[in-house]
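One chain follows as structure tokens, the form predicted alone.
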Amino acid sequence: MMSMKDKTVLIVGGSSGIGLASAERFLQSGASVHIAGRSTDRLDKASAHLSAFGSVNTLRLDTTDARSVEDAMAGLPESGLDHLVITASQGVHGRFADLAIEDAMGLFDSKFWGPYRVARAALPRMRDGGSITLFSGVLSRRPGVNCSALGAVNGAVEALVRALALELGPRLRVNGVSPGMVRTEAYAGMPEEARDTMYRETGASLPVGRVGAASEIAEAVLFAAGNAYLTGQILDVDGGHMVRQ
């Protein structure tokens, strides 16, 4: 496992799903980890879960609220951050003709402007040689029906990754992770039978024959943060979604 000894990491969205799995990986690799999220209850539960791997600091942070972001940054150690990972976002689906523009705008506020806001606020606290990792998704380059807004915001995130890698280098590296379908709490609101059917049918369409696990995406996050020669890249961790029939 890649060593993160003496490194400090902030994971925004670290209280659940891929963010929580990433926090586990960073702790296992020796990093000092801070997790941030909107829900105090989720943060407390995540902290209790992560105690098996090490101690974490929790920060309440709403990426859509500039004051909340600034307050959270003030709660970070004066010594600074080595790596910033932003997984927090929401998903909105719907036909282009039917989806309310306000809902599409809310999606951009969460998945594009939220990470933009956090990354900008964190810049003064980032140590030289550090990294920023953002999240897009397979719909950026492989569109799906009823997903035009989500595909567009993923594409915007990927454009931001490349632009920031150029602008912030060589002091910082910037990369993106683009997951395929992953078993996480993001689908907890679906009826169990419908969710299992979705996982089974989507998995059957992929070259690997199944959907992903959060821990598998976390491995890519650790790689993006730790590889000092990687920047401006989008890591597709999607089970072969980009090449499926």
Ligand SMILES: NC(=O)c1ccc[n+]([C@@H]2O[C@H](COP(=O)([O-])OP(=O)(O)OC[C@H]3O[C@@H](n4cnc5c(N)ncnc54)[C@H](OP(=O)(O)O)[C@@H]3O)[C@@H](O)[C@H]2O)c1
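Keep in mind that what you see is a predicted model, and the values were worked out from it rather than measured. We number the residues from 1 along the sequence you see.
Not pictured, yet referred to below: the form predicted together with the named molecule.
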item: Proximity of A88 to the named molecule in the predicted complex, heavy atoms at 4.5 Å; value: yes
item: Exercise: M181 in contact with the named molecule in the predicted complex, heavy atom 4.5 Å; value: yes
item: 4.5 Å heavy atom contact, S16 to the named molecule in the predicted complex; value: yes
item: N175 within 4.5 Å of the named molecule in the predicted complex, heavy atoms; value: no
item: Residue among L61, A218, V56, A31 with a heavy atom within 4.5 Å of the named molecule in the predicted complex; value: L61
item: Listed residue that, although the named molecule is not shown, lies within 4.5 Å of it in the predicted complex (heavy atoms), from R195, R210, R38, K45; value: R38
item: Interface stretch in the predicted complex with the named molecule - options 131-139, 95-103, 163-171, 74-82, non-hydrogen atom within 4.5 Å; value: 131-139
